[in-house]
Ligand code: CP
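Here we start with a single chain on its own, the form predicted on its own, put down as structure tokens.
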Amino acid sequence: MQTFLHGRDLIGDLDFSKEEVETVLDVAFDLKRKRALNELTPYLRDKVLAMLFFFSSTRTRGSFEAGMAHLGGHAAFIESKTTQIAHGDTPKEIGEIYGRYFDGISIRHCDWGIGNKYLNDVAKYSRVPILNMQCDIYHPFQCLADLMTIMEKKGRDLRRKKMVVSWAYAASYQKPMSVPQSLILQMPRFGMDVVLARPPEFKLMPEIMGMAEEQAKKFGTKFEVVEDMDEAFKDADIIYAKSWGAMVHTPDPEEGAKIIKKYESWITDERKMALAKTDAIYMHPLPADRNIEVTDGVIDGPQSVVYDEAENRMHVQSAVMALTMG
């Protein structure tokens, strides 16, 4: 167990070592158990977290606010458009000033080519931990919740489990690619063989792909890329299929929308789930475009673990906050 996490930022998935991630999970499981037993966990009594949003949220805002309250502290919701941040406050000023007001700063900024840089710029000037609630490159807390959920369903020893991270069709908008990028970085460290399935235009960032290959090599796991959803699903233990945008191929949203339209058949339906193992689980960070990205029969079916996954967001976030802000 690696316990010295006080004051640490969590911006990218590899900011914490594998052993440190295991510490986070140990604390998260303990917090979940204590909540089930109605035991109090006031580890951050009188501490205050700034939650700065440049991008809308349902689960992220709710889980951070609830988690901070369970820890005995308070979370302050700050929306960029309704503050002077939209009119000129710089990352340096936010880091310097909010770092003096608050005990931690969490930020969600998903604008392509901007979000991750903003978080790192704030971190340079902040005296308190910076926590990434999602940027254009990483979504570390979602990935930690996913890992916790997989361990609950498949056990702690995940060696040789086949995890499919697949693109899926969604018509709503060009979604960030941070979820699949975090998954391919983190999951090989815990023994899983990861298959990334996506149409040719939906490549992930080359530097992230290189880092994922390094992690797979380091931890002795497989990492492969296929362009066929059916092929990927065969004999899988974990199906994680969601949409992301074609930003690496083209940053133009109109061109991206045209490309997305070509792949309406990339839906997670009952036929595709039947290609996976009979005890395979279906995962999605939500919200899903129902009957476009995934059928109701799958997301509401017995193999779906999406609500456990959503709950675990709160527990892993609380664990990281307790460890870094305490």
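The numbering used is simple: start at 1 and walk along the sequence shown. Only a predicted model underlies this, so the values are computations on that prediction, with no experimental measurement involved.
Note that the form predicted together with the named molecule isn't included here; everything after this is about it.
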**Message:** So if I measure heavy atom distances to the named molecule in the predicted bound form, which of the stretches 264-272, 23-31, 297-305, 52-60 falls within 4.5 Å?
**Reply:** 52-60
**Request:** Check whether residue 175 has any heavy atom within 4.5 Å of a heavy atom of the named molecule in the predicted bound form, and answer yes or no.
**Result:** no
**Prompt:** Contact between residue 161 and the named molecule in the predicted bound form at 4.5 Å, heavy atoms?
**Reply:** no
**Request:** Please run the contact check for residue 259 against the named molecule in the predicted bound form: heavy atoms, 4.5 angstroms, yes or no?
**Result:** no
**4.5 angstroms heavy atom contact with the named molecule in the predicted bound form for residue 108** = yes
**Contact at 14, 189 and 215 by the named molecule in the predicted bound form, all three, heavy atom at most 4.5 Å** = no
**Request:** Could you spot which one of 66, 292, 48, 286 gets a heavy atom to within 4.5 Å of the named molecule in the predicted bound form?
**Result:** 286
**Complete:** Exactly one of 132, 243, 181, 142 comes within 4.5 Å of the named molecule in the predicted bound form through a heavy atom, and that residue is 142
**Fill in**
Residues in 217-238 that come within 4.5 Å of the named molecule in the predicted bound form by at least one heavy atom, in order, are none
